[in-house]
Structures are given as C-alpha cells and as structure tokens.
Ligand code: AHR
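A lone chain, given as structure tokens: the form predicted alone.
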C-alpha cells in the first residue's frame, strides 16, 4: 500500500474551464467519414446518411467542438469540391493518404452533422496548395449573410442562414516535410498574417489558430513557434500543439510517464508565446489549442498509412486501444485541466475508426474503445473551474522524466451545480493507493453522488465488437467523507472519478 494526499482550497483556482478542451477531430482519412460518421444505406442511417449508432455514441462521448476536414488532407483540399449537387462533385486523388476522395461529404454535410450532434464546428483553411484567396472566400461562403456571389452560392445550396463558424485553423502542420506545400517559419508566418488579416475583414468575430510545430521533437520546435508568432502575434488568438503518445518498448511505467511530458510541452509553448508578448510589451496572451492528441503507436506500419491502388475509404491507422491506453488518456485529460489557464481548446484525434474512441464495422456494429470512457466522464463533469491541487506522495524514476509521481489528479468545482469532482490516476502497477483529499472551504456535509473506477488486471486487454464492455467504468467502493476530507483506496493502475455534492 502507498499513500498520497491532495489539498485544495476553493479560494485558489487555476482558471475556468473552456469547454472546447473536450473537442475531437474528423478528417477525410480512412474510415473516419465514410463508414464512420457517414454511411448511407447503413441500417441506422438517417435521411442525411449519418449513422445513428455512431451519433448516439458521439452524444455520449460528449465532444464540444470538432475540427474538420484535416489534418494532412487539408493541405491539398479544395473546399469548393465538397459543396453543391453531390452528383456534380469531382472525384480527386488525395495525396495526403493516397486515397480517392469522392467528395460526397463536404462542408454543408459536416455542418448538418454538427447541428445534429450538438457540437461546434472548427474549420481549417488550406495553406499547402492554396492560401489567402481561398481563406477569405471560404469564410465568405460560410459566414456572410448574403448579397455576394459566395454567400448567395451557399444560399443556393440550401443554406439560407450563415454557418457562423467561429474557430478557424490556419493550415495544418506546415513545418512537416510530409505536408503538401510545407513552409519555413518565415513563409508560414507571413502567410498567416496576411490571410488572418483578410479573414478578419470578412468576419471580425472569428477566432484563429496558427500552426505550431508538428510535435515537440521537431528540429525547429520553439524557434518555429517564436518566428511564426513574431509575424502574426497580433492577428491570431491561438497557437496549435500536436502530440501522440507512444509505447514502443512496451514499458508501462515509462509509457504512463509520458503524461508529464505533455505538461512540460504545454509550459514550454506558453513560455514562447509570452516571450513574443514581452518583446512587444503586449498584455495580450496567446492561448493554446492542442488540436491533435491521442495515443498512437500500434497502427504505424506502412500499410496502416497507405493502401495501394488509390482506394476509397480504406482502413488506415485503426489503432485498437487497451486498458493502459485508457489510463494514459485519462491522465492527459487531467493535464489539460490543470493547464486550463492557457489551454482553451483541444481535439482528441480522431473521432471514429482512425485512432478514434469509437470503432465501427462498415455496415455493422459500433462500439466504445477503452479510451472512450475517461474522455466521456471527464467531459460530462468537467464544468466550472479547476482548483489548484497540491499533491504529496511517492514517485518513481523514468528514463524520459526524472521524477514521476504515482498520483496524477485534478479537482473541479462546478458552482452552478454545487459539485466538486476529483479525478485521480494511480500509476503504481502493483500497489493500491490510500488517497486523502482535503477540500478546504468547500463545505461540510458533502456526499458522494457518483464514484467510478476504470481498472482491469490485464493492461493489454481491449474492447472488441464481440466483447465491447471488457474495459468499462465500474463503481468505486469505499469512498468516505468526514467533514471536508475525502478518503478512498485506489486500485493499482486505475483511473478514478469521485463526484461529490451537497
């Protein structure tokens, strides 16, 4: 048995939670769109061709914002191909994923799907093969009320009212050599400045995210962020971060230590943003959009990334998640909450099939992957503000991180409902953890409203079509509240949630 404690005080908060941190991502890649969210002819499909079984799971998952249409796909995409009569839309070769894109699903279909799912759309503009003109035209088509060629074109397509898309991404991973039309920091920064300028002229109400480095291990990381923001600091609201967690050596302790690397990554980018602000003597603060993140290391072979013959909607990077992946995703969500003062948007990538929390069989069933559960529960109870939690307890040493606390935790207070929710991860693989949480100033007389644990003795087990509930939340027994102290024993290698209320 190991012991750990958390101390929180309602007078000390990190920040209010921006609900857009519970976002996700739909790219025209593999079976995310076709066979994922959109499959006309499926037994559950509605009149739009949206899969009803997937829609139900999306609502349960609880994403708040969805990024579209890419991803690497974005850098070769012409948005005009995906609007207007479906039978007149061109078929294109998608050079990002070496597939054939039919364009049966495009901008307006995505907006219809977002409205049905109750989520906010986040759109990207192509900075690979296109740029300033495409950006301003796309915003005009989507957001201008009417009376111009492009806004009237939207109305002619059956959408009288503007789509009113507020969040726009200025390209995708533009520093990557794999990217169609990759750029240097100077090229991209200048383009972002000029495109942002005209996009704001078309619609001053939009928010814009500039591309950060494709990941923290890029050779140009940090210098890219600084130079890009030096060009477009006054024009954008966010800079993006992308990260994918890996476990190449099948070492669970090292793998779960990656959660700390995400916290370091976030703090590094914040420091760069604030250095650019300091150079300008500016009070403005650039916020962070972690608009691609997830676990991805199993489905990385050549055939996972590319199928021969330019197929339509092939199976690509269909990662099968296990119990330890769910622990990591749950811990990463705690890191996002604990950085709620600067992380204002995040998108788990992707939504369905392609490294997604939801998996489907084309023409058949849909089920929850293991990582579905910590995301759904955190999104459900992640309302209000994050309290500053002081943790104390034992730690272990990892190769990538010198000190990894066995406890990862965050505490959220929702004043509107009176709930205080504790999220806690025990990273010890063999020992249970005796955890005490002192909730100073949050009132005596609290009761346990709900307590759940995500735990399986076999960390390599996954959910499947045949056994979709193998890894799923179970009641967490033994939670005790005495005054303002919560006490509980957490199983080894477990993710836990305790919801308290008055």
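All values reported here derive from a predicted model rather than from experimental measurement. Positions refer to the first chain, counted from 1.
The same protein also has a form predicted in complex with the named molecule, omitted here; what follows describes it.
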{"query": "Three-residue site 260, 295 and 375 fully in contact with the named molecule in the predicted bound form at 4.5 Å by heavy atom", "finding": "no"}
{"query": "Candidate from 310, 244, 396, 226 lying within 4.5 Å of the named molecule in the predicted bound form - any heavy atom", "finding": "244"}
{"query": "Residue (of 189, 331, 71, 357) lying close to the named molecule in the predicted bound form, criterion heavy atoms within 4.5 Å", "finding": "71"}
{"query": "Interface membership of residue 172, the named molecule in the predicted bound form, 4.5 Å heavy atom rule", "finding": "yes"}
{"query": "Residue 105, heavy atom within 4.5 angstroms of the named molecule in the predicted bound form", "finding": "no"}
{"query": "Contact test in the predicted bound form: residue 370 vs the named molecule, heavy atoms, 4.5 Å", "finding": "no"}
{"query": "In the predicted bound form, residue 213 touching the named molecule (heavy atom, 4.5 Å)", "finding": "no"}
{"query": "Partner-facing stretch of 468 to 476, 25 to 33, 434 to 442, 55 to 63, counted where any non-hydrogen atom is within 4.5 angstroms of the named molecule in the predicted bound form", "finding": "25 to 33"}
{"query": "Heavy atom contacts to the named molecule in the predicted bound form at 4.5 Å, residues of 316 to 344 in sequence order", "finding": "317"}
